[in-house]
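Starting off, we have a lone chain in the form predicted on its own, written out as structure tokens.
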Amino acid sequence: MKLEYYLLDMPLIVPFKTSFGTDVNRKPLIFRLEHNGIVSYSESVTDQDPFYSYEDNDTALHVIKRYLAQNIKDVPDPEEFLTRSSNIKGHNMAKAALEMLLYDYRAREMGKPLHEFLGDSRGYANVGISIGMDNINKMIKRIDDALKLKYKRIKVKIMKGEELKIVSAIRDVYPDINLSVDANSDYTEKDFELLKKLDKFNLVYIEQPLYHDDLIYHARLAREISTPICLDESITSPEKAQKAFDIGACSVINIKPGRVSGLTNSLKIARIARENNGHVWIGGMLETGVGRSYNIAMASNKLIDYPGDTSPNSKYYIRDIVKNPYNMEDGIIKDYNGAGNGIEIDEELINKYAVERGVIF
């Protein structure tokens, strides 16, 4: 058995601006497991900086090397791995990287596509797009391009002081499209009156307007605005999802598998949302084709009822590290039907992008 990692440096086609800052490249952390003739790859959704989460590439690698890797040496089932790792507080992104690696390994071992291994798959994912902040004319041009490609939902990033300008300009041009906004926690409880001004724009939802770990203020805000609230960063576990619905903090959840320790908890959260008459979709973290394959498999589950941020990686990277990148047609991406996550790794390109690599065991 061999577990390796690669830290890559991949430039983005277009800088991606959020309220956290602007990314011009991404440094994905890729893991490779080889055992009994089966090779599996997974990706940590951590970044080089701890802005979206307290986790970053350095913390993930440290926790995996020192604590988590020992829990996969006998290739347990993914749920068993999470049980073994429950004494490690937090570090969901590090856990997810290995949990999903085990999902791919088990699916390949059985010769089943990952989306079928997860169960109840429709065989495809409905696709939306997330557009970063930019000059408003450039944003509208990107929306126009996305609509021509038949994306099923448009989401744009906003920040305090720019929200009304951005959304009103878009609605002037596109009054009827399915439009949502993502605030990435840029507002506080003092901004309720400002956020209520978004109600007139008929948004599908506003994503994570308040503190990254908050439920209470989101519940208060939900009672004061008509725009549905979607929670992202606040939902880190099935327990947090249940609490959010119990107190009315949201009606929509963005599940990022890498944020909630992987696919096991993603399925649990999706069930909780649907049982509470909520909606759910699968988000993205600028993953390579490796991480994207897990998101597509999850987004294909019939529990997922809203289009997610799972657009083809040709939008982000000049060249992906998989030889068979996803293609979208009419707002739909079909799952790979090969064993496991179905990706074909471009090892030459991984070596080209690698700035660090190592063997964990």
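The model shown is predicted, which means the values in this text are computed figures rather than measured ones. The first residue of the sequence shown is number 1, and the count goes up from there.
Not on display, but discussed next: the form predicted together with ligand OSB.
Of the residues given (L179, M139, L215, L286), L286 alone sits with a heavy atom within 4.5 Å of ligand OSB in the predicted complex. With a 4.5 Å cutoff on heavy atoms, E207 counts as touching ligand OSB in the predicted complex. With a 4.5 Å cutoff on heavy atoms, K256 counts as touching ligand OSB in the predicted complex. A residue is said to contact a partner when one of its heavy atoms sits within 4.5 Å of a partner heavy atom; N92 fails this definition for ligand OSB in the predicted complex, lying far away. When ligand OSB is considered in the predicted complex, S130 lines it closely, a heavy atom lying within 4.5 Å. Of the candidate stretches 154-162, 245-253, 218-226, 99-107, only 154-162 has residues with heavy atoms within 4.5 Å of ligand OSB in the predicted complex. Every residue in the set Y52, R292 and Y316 has a non-hydrogen atom no more than 4.5 Å from ligand OSB in the predicted complex.
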